[in-house]
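Coming up is one lone chain in structure tokens, specifically the form predicted alone.
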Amino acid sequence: MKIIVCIKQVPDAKDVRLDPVTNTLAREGVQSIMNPYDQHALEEAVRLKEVHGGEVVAVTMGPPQAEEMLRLAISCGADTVVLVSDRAFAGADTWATSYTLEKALKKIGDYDLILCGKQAIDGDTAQVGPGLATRLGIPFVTCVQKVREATATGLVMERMMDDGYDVVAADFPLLATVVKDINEPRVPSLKGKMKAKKAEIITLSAADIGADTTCIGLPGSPTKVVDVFPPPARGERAVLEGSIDEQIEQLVDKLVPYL
């Protein structure tokens, strides 16, 4: 079983800034981490490999600094890592990102399963996984919380729903996006860290994957952020202190004028 895991390097939630010129996330000089949902996708891929055999390939589209995240992926069990990197990819929205990943995966070659995190914490759109599957012309299942069964031809999965879950069976090739309930990501082992230090990182540019320059980065992104502004103030605020009874009395006193 050949599994491709799409992972993304995202700004640490504690240090998110916007570029005032492009109105996109500023990534230079910002501490980055592997997208938390993607950690679970990687872990599930490694678990499937450990039980059924095969290969795990971790792929990311990002700047050169994403190499650090890819080495982390190797230390957690990935066999091969691919960095899709080019200045021309900067500013891509989900449409351009799914196009770029489609071209990269076609360059990489055959696969059985593609795993992605449900969404990235910097954009929260949950669009890239389904968009990639649509471009590749393969079925996809979103919000997978458990893999019930894996065979040589496909998977049986539980898809999380608001009122429970669906049981879905799908044949390979297949793309699935996973939620955090699916597993608990492992801590990299010392052996894995040593392997990661020596690992070769395959780098692909826009030219390498045969990308149309009008379909990538900002030029290829139909989504445009035209303005960024802080939300308006919500009016007077008050902090209530003391015991619960004291806070209730304070609250009543403040609400009386509005009755």
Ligand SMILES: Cc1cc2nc3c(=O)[nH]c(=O)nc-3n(C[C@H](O)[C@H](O)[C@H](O)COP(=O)(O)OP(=O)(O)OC[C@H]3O[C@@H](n4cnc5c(N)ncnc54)[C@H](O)[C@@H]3O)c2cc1C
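In this text, residue numbers run from 1 along the sequence as written. This one's a predicted model, so the numbers in the text were calculated from it and none came from an experiment.
The following text describes the form predicted in complex with this ligand, which does not appear among the structures shown.
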Pick from 35 to 43, 210 to 218, 190 to 198, 48 to 56: which stretch has a heavy atom within 4.5 Å of this ligand in the predicted bound form? 35 to 43
Note which of Val144, Val128, Leu113, Leu155 lies within 4.5 Å of this ligand in the predicted bound form, where distance is taken over heavy atoms; exactly one does. Val128
Could you check which residue among Asp86, Asp93, Glu102, Asp79 gets a heavy atom within 4.5 Å of this ligand in the predicted bound form? Asp93
Is Asp124 close to this ligand in the predicted bound form, meaning a heavy atom pair under 4.5 Å apart or at it? yes
Would Thr223 show up as a contact with this ligand in the predicted bound form if we use heavy atoms at 4.5 Å? yes
So, in the predicted bound form, is Ala120 in contact with this ligand at a 4.5 angstroms heavy atom limit? yes
